[in-house]
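Next up: a single chain in structure tokens, the form predicted alone.
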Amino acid sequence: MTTLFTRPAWAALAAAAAMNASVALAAQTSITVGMQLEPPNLDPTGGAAAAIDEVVYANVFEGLTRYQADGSVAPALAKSWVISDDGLVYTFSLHGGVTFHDGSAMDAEDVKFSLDRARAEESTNAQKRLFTGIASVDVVDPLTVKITLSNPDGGFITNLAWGDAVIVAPESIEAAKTAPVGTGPFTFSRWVQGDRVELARNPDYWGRPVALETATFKFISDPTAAFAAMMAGDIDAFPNYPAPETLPQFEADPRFRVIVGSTEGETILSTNNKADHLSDVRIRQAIAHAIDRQAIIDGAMFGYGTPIGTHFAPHHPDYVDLTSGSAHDPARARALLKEAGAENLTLSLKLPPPAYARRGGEIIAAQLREVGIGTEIENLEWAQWLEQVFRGKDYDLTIVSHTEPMDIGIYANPDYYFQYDSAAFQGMIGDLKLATDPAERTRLMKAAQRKVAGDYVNGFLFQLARTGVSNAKISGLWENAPTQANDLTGVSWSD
């Protein structure tokens, strides 16, 4: 078995000074965090948008395990677990004394409810694939739950750290989209739609109390407005700052700290592999060779970003640099289009709101035009993008960052929005799920990267950098983004 833990004028003046000092002190226990996108709802188990987790992950909701700032996975609601010798049975010991924000106890029944709900046939969980290997979830006692897998899964503990795997209660889950109830160190206070979400410190938190008393997530979609809000002090921190061209101004101002790190965000020119023309690999390859990645990084991201040639983070030890296989080669792109009989092709290019998509889309449209591919650009709001592109698959091309960690497995789902259907790739991911030997997992991950690159499933652009700005007195914000989160549990102000 394997175990893991795991009066006088002067008096009036003094009183006023004391009051001002206390106000200043109180202000240092609150924070206003800027976000470019507003979440469509606040239930991480029922939505695909990264903005949901950016508000609630680790703050409002918790899972059995969780990601830490360095990318490692640590115990959360589970204080320890034991894995059977055959790798099929995980027995979790839960922390005692944990309550949901409504005062109800969190116990093994809630774990069973959450995981059974996530893997149910009618589940709307955006990452339902994380739970398909679960054969059963059994309550041993109120603080012990046993999860049995159909096959060994070397990534199961990591799967449980995703926002999609947080523990919820049957009594409150129906209201979670607008009034989330979790076990985290912050409680939900208010959502002023179109403007902000407000959180408050949970006085009954089971774990280490947080330093902040209140936190506000303020939604500012326009990069120019984001810059103005930071400069004016209306925003204390903008962890995913949308105007990288202005970062030098913050770097020169001692009031601010610029934070540059990496994310799990593979930014891709996502391609509908079943759309007219795009089912032909020669056309997808032509598109890949038409793209000048560095020009997109320089023009859309002001130099922030790392070129990628497959759907895998460059900072991962198993990354394979495959950029040469889709190097910028307009002549090759034209030749492939001629060979495919598609020399006068026009494709739809539907762009969500982030700056990398809107700016990058204009650059890519110009690059495609140079090889004879026209584009019809349509700018969509986030809800429209989710409805038309992600769910409706009504598109030819789009640009988006996939910020989920280690998510190359999405290519094994033929119903996923880019509709790539490869039995060979599905077999690789099936083998990867079963593999527990590190060397074998490395071999399979490298093979999977080469397969999606060689099939030119999407146009692989760059790994999204995490460029953030904060008040210089704030500490504890994540530098890198091992998952899509604005974790405030370790954030505090200095004097």
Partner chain sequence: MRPRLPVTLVAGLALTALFAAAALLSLVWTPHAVDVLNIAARLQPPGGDHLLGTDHFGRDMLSMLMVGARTSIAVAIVAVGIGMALGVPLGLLAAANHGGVVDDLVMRGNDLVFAFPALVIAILITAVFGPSAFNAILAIGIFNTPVFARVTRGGALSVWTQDFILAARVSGKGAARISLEHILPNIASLLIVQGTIQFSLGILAEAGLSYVGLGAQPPLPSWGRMLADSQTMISFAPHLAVLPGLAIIATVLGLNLTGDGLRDHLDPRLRRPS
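Numbering follows the first chain given and starts at 1. These numbers come from a predicted model, not from an experiment.
There is another form of the same protein, the form predicted together with its partner chain; it is not shown, and what comes next is about it.
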Are any of the heavy atoms in F302 no more than 4.5 Å from a heavy atom of its partner chain in the model of the complex?
yes
Taking the shortest heavy atom distance, is H402 within 4.5 Å of its partner chain in the model of the complex?
no
Would R359 show up as a contact with its partner chain in the model of the complex if we use heavy atoms at 4.5 Å?
yes
My question is simply whether K274 lines the interface with its partner chain in the model of the complex - judged by any non-hydrogen atom within 4.5 Å.
no
If contact means a heavy atom within 4.5 Å, which one of 307-315, 241-249, 156-164, 206-214 is the stretch that engages its partner chain in the model of the complex?
241-249
Looking at S189, T224, T178, S150, which is the one with a non-hydrogen atom within 4.5 Å of its partner chain in the model of the complex?
T224
Of K338, R369, R255, R391, the only residue with a heavy atom within 4.5 Å of its partner chain in the model of the complex is R369
Candidate spot D85, V137 and V139, all three in 4.5 Å heavy atom range of its partner chain in the model of the complex?
no
